[in-house]
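Given as structure tokens, the chain that follows is alone and in the form predicted on its own.
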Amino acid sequence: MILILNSNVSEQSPEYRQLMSHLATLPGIQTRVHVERGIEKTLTEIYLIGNTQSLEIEDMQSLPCVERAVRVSEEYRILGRHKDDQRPTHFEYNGVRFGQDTLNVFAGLCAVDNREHVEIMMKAVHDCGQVCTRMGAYKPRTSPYAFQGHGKYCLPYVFELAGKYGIKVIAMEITHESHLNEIREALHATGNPTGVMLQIGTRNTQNFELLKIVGRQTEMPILLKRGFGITLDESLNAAEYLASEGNRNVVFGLRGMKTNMGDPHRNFVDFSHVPVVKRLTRMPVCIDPSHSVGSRQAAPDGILDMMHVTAQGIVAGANMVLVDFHPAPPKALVDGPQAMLLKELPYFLEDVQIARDAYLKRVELRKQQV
């Protein structure tokens, strides 16, 4: 059970102390307090852990400074959607809103190769009116001999250029806890010109120690990619690891499943799970068409497979798109064959908007039927 307290309640207030004293008397019940501090108000939630079946919702809602109580299911206790649960399905970070009702496009470099390409990419994103991008500094690879990313050495110029072109959020994968400190230090050294959404890649979805460490920091949101060889339930529970450690600003990423059933695509496209994740949890959902399809093949209508599956995911309600672009794909150090061309960026964004408009019309049509 979750007790959602009145906004801006103080831990020093007599009502709060009275509430906690009462909860301490409940047999077999432990409490965990989570505080979300926003710009204008502070929200406090108290998780009651143990046998809560005997606790009546009405009784709990009548306790001091409790706004409402929510009875949760066993699965996805923190991030899940529960009966009569009206907690928000969005969060804000560095001036950008991420929610189940928004759409943000992160077009950029799968892997940073040099300053020139980073600046060209940042300028192109800016010129198209976008404030988010992807920039891979740390690249886990199947082969130990493949390019592993420039790591901390490229962070200063990536962040500096992001500030120059007004980029608010950069999606950046990390693979080790040391990367957290490297990102923090580089942001501080450059004057915090941008924000970073930490990305947990598909290989690390069940790296539970890394999930715990990343979850304990709350200054940066997290994009968790679905594990390529595990069930959806297992991946959603990985997101719960992050939230249970304190960070609930999590976006869930669909990037295709590893199976030859998806041939000739790189992975089996799983964007039909967009509405499933939104139904089961309160997380915004991201789609990654680049790693799902993995090539620039086009249908007879001339539209790239990557754009077709992007549209499918957005029409199904996706809230974020992570997509590879590169100024010179033949020179890309990682995944060049699947990168889209910079001249295609305005066209891609317009196509995305067409799909988004179609989704919104579908939602409005459904409202008219009830």
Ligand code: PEP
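Since the structure is predicted, the reported quantities are computational estimates derived from the model, not experimental observations. One-based numbering along the sequence shown.
One more form of this protein should be noted, the form predicted in complex with phosphoenolpyruvate, which is absent from this view; the next part is about it.
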#### Entry: 4.5 Å heavy atom contact, M121 and phosphoenolpyruvate in the model of the complex
no
### Query
Does L322 reach phosphoenolpyruvate in the model of the complex, with heavy atoms at most 4.5 Å apart?
yes
### Message
Is G195 near phosphoenolpyruvate? Define near as a heavy atom within 4.5 Å, in the model of the complex.
### Response
no
### Query
Contact between N104 and phosphoenolpyruvate in the model of the complex at 4.5 Å, heavy atoms?
no
### Query
Which listed residue (H176, H82, R184, K139) meets the criterion of a heavy atom within 4.5 Å of phosphoenolpyruvate in the model of the complex?
K139
### Query
So which of R248, R255, R282, H273 reaches within 4.5 angstroms of phosphoenolpyruvate in the model of the complex, heavy atom to heavy atom?
R255
### Query
In terms of non-hydrogen atoms within 4.5 angstroms, which of the given stretches 147-155, 187-195, 283-291, 232-240 touches phosphoenolpyruvate in the model of the complex?
283-291
### Message
Need the contact residues for 184-203: heavy atom within 4.5 Å of phosphoenolpyruvate in the model of the complex, sequence order, or none if there are none.
### Response
Q199, G201, T202, R203
